[in-house]
Every structure is written in structure tokens, then in C-alpha cells.
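Single chain ahead, by itself, as C-alpha cells, in the form predicted alone.
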Amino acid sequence: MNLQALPIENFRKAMQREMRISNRCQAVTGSLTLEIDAKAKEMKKKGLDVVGFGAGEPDFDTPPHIRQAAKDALDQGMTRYTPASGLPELKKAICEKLLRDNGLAYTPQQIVVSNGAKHSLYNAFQALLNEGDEVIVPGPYWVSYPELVRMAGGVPVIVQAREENGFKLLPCEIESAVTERTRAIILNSPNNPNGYVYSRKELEDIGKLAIKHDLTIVSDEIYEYLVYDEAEHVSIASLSQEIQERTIVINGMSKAYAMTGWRIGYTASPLNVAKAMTNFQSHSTSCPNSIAQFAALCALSGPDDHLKSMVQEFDRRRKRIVELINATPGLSCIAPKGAFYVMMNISALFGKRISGTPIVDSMSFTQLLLEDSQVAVVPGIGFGADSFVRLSYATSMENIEKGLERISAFVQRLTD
């Protein structure tokens, strides 16, 4: 096209024309979690003292022996492609971990290593779903679950749990959402954003429902080691062979080993599913980062002293943030039993104003709090829970104290 030969009006139209975007891509929304985190970081770059409660990653450094393993891999030239589903020795180490920690027996052929647990979830839904298949998503939910289902052509069916039940779905609530199109149910315990941990009995009830209605269970267990108050993580796949055969276990290195940026996740699943995901991954991304895989191998086979101390510190912060929230009139929360998040109920503040501007939902609360008091939280609307905001206590005790002091002052200045 000769743009210079066009009349000026046609020239403008040609320059304004946008490339067509697919319907599937248009149906997917961006991550509110990452959006808020990015805005907080932008404010910090401008020199503002922002306290951020948005990040979903440990604020600890990756342990030295894991970092050293990556350096050694570089020095030894371990920088080439690996098999698409991961290093054989890493897959073997994952099998040993699953047997040791979860009582689950898998072969390396049933393990697929991917670019983070989010990529593992993506692969799982691509392997499971046809157009229009439904997936039960317990709400409040991690922001990416509905979008990952939509990206595979599926339909997320949100079933909202109640705060009075600890945000856990009752079996009858799950069963009421099952239709002839239901293909799977997502399970996330310990949970993001609620911090609940399902008991063995509760998992048994969900397993029975899955068997009754022939459902696949997608069990996201990325926070398995981050449990408190004597809570126990139980992998639902360990309850029986029949349940294991209909479960895809999702896990990874990000949370337990402070390896968020290394992007190593994995699935354990029936062999036919693992083969399908391997084929899909071989064409979409090929293998995960080779150096990060060697680091992950070291993490799984090395000492875990860092993990114990990290959990102890998270527990200390958890107790303090819950105490400070519940001491603030107008705010409340349930003490989480796992992960490093707390859902703060802000519904009592709806209708109140700051500098004449009303708080009407979680988004307006989040925006006003960030602009007025320079505190970043994540609006609950992103989790399907507009009466709440999520705070991560994967930050220092100093930030927790300072941030909650600002939140308390903000709430106290609200007017009717």
C-alpha cells in the first residue's frame, strides 16, 4: 500500500486500523494481581514510599545451594535443550519427592516439567477440555483459574463458598453445580487467596463426588509446605488408587524454595494425560529452562532447613497481620491455615467516603487506599469476592506493621 498516494482522510483511517484479535484471546482478561503490583512498583520508582501487600511470592532469596547448582550447570555447559517433558533425573527426583512427602507412586513417564505451575495448569486444561466443557471453580478463586479454563475453550462454573464456612465448599454446593457438561473440578489446598486447608475427611467427600460424577480433579498443591496451626496438607490423589487415576497433581518450585522467577512447575497424572501434555508442550514451548531444571533437581534432593525457617517466619507474620486487621473497627478476617495470604472483609466500609469519594466495592477501596495512603492490596473482585481485598504477608514484619498502621488510619478518616 502506498500511503503517500492516499487522500489524507484515508491515510488516517489506514493508520488507525487495528489488527483483528481472536475471540478466544478477547475473552481473557489480564491479571489484577500483576496489575496492582506493577502500579505499586511504578509509584516506588517515582520515590513514593509504597507498602505492597500484592506480591504472591516469598520475599526470601533462593537458598545458596540452589543458586550454586545453577552456576555449576552454567560452568559445565548444561545449556542445551532437554527432553520436552523435562530432565530424566529431575523427573525421577519428583517421583521420589511425591512418594516420600505425599505417599504417591508415579513413574517418570507420568511427570511433565513445565515453565512454572501456571504453565502446568495451562497444559492440563488444554489436554482435558473440549469446547464448552465445564470446570467447577470454587470461589473465591485464584485469578488465573477461570482464564486458564477459557483459554482451553472451557466454561468456568464459579461456585461461591461462604466466609462462615471458612471459604470451603460443602459437598452439596459442589454437587449442585454438576451438569452433563461438567468435566473437572479445581482443587487448591492450601489455598490462594483464602489460606484454607482442606482436611482429609473433606477431601474424601470431594473424591467421592468426583468418582460418582466421573470428574477429573485438577489439584493445585503449590503451597503444600506452607501450613500452620498443626494443619496437615493431604494430597487428594493419595486417598485411593481410584482417585489418583482421575487426578492431575500440580506443583512446582516457586513457593517452597523461593524460586518464583526460575519458572519450574510439574504435573503428575495418568500416563495418557502426561503423553498428551508432553506432545502439546513440545510444540508450544519445548523444554523448560535447562539451568533452572538443574537447580530444581538440587532443591528437591538437598537440605530443607531454609523451608522450616521460612514457614516459621510466615507463621509469625500471619499471626500479627490477623491481629492488626481484627483490631481495626470496620475490618475483619479469618486466620488462614496455609499459604501466605489473608482475605480482609471490607464490606462494612461500603458507602463511606474519603475526601468526598465513596467506597462502593473492592476496586474503589483498593484505588483510594493506594492513592491516599500508598498501600497496595489486591481487590477481591479479581477473585470473585467483591466484599474483600487480599493481603499477602510474604513481606517483612516492618512492612506489615507500617502498612496496617496506614490502613487503620485510612479507615478512621472515612466519613459517612
Ligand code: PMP
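As the structure is a computational prediction, the values presented were derived from the model and not from experiment. One-based numbering along the sequence shown.
Below, we turn to the form predicted in complex with this ligand, even though it does not appear here.
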Verify the contact flag for residue 192: yes if a non-hydrogen atom of it lies within 4.5 Å of a non-hydrogen atom of this ligand in the predicted bound form, no if not. yes
Counting only non-hydrogen atoms and a 4.5 angstroms cut-off, does residue 116 reach this ligand in the predicted bound form? yes
According to a 4.5 angstroms non-hydrogen atom cut-off, is residue 255 in contact with this ligand in the predicted bound form? yes
Give a yes/no on whether residue 112 approaches this ligand to within 4.5 Å in the predicted bound form, heavy atoms considered. no
Can you say which of 167 to 175, 217 to 225, 269 to 277, 78 to 86 gets within 4.5 Å of this ligand in the predicted bound form, counting heavy atoms only? 217 to 225
Check for me whether this ligand, as it appears in the predicted bound form, comes within 4.5 angstroms of all of 121, 145 and 263 - heavy atoms only. yes
Identify, from the list 244, 281, 188, 235, the residue with a heavy atom within 4.5 Å of this ligand in the predicted bound form. 188
Counting only non-hydrogen atoms and a 4.5 Å cut-off, give the residues of 338 to 352 close to this ligand in the predicted bound form. 341
